[in-house]
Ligand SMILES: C[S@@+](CC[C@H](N)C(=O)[O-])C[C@H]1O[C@@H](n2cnc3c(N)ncnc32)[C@H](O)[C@@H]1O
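Given as structure tokens, the chain that follows is alone and in the form predicted alone.
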């Protein structure tokens, strides 16, 4: 078994939300569409290793021994959904992870499963270009390792008008790339931001022109948006290509700083489709459902 150890409480929450949507999506659309697809663009191994570290006792708590367990990843979760998806595509470029995914697929000989060892952007755009979407509906899960998702890929997904996109947006990565001062953004960071947002308009949006001083000299341009402002900007950009983008869930839910924004982007412009997906997605993304309230200490 390939060891794939990552994430924390927010990972379990993210996966449970996606699982809830996949179940509702399959149940609602199965009577109307023969072809329901699930596409995982950063599929990993199908499972993840969760390690609880050994901890000694103190005045309040008993000692805890180290526990290592395997939990389901997004690929395994998708295969467990009933009614099942007609076709599952798992995209992963890590060769060891691909081997684990092939082992997972081998356990389902009656299912249509494709493992693509490829770059996620390249594979997704090729998949979209080589298929017709009028008779299909799909869910794509974008859970990148960093800022790998390109704007051109998101635009291609939106253009199908048939794919709902769950996108774990790397807000911490955006915060690091979009430095406080515009002059601190080097060529590498500038290219990454333009690739993520599809144009260099982010510069004027995030770094408004500085006011001139009494001598007419312009000062340095600074980013005024905080983390919440960056999230609003990302949402506004997504709304330029998707008919509906739901308010994202900030993750981790009980920790600061926020590192991710879990978006649901709906590509189908039909009002009924938007209404159905929005009702399901808004329920799942409601932060009140996920806030953990600790015990009252007297």
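Residue numbers count along the first chain shown, from 1. Predicted model only: the values in this text are computed from it and were never measured.
The protein also exists as the form predicted together with the named molecule; that form is not presented, and the subsequent description refers to it.
Within 4.5 Å of the named molecule in the model of the complex, a heavy atom is found for every one of 73, 97 and 120.
Using a 4.5 Å cutoff between non-hydrogen atoms, residue 41 counts as a contact of the named molecule in the model of the complex. By the criterion of a heavy atom within 4.5 Å, residue 167 is excluded from the residues contacting the named molecule in the model of the complex.
Contact annotation: residue 145 falls within 4.5 Å of the named molecule in the model of the complex, judged by heavy atom distances.
In the model of the complex, the named molecule stays beyond 4.5 Å of every heavy atom belonging to residue 176. Picking from 177 to 185, 128 to 136, 86 to 94, 224 to 232 the stretch near the named molecule in the model of the complex, with a 4.5 Å limit on heavy atoms, gives 86 to 94. Shown without its partner, this chain lists 284, 276, 15, 24 as candidates; in the model of the complex, only 15 has a non-hydrogen atom within 4.5 angstroms of the named molecule.
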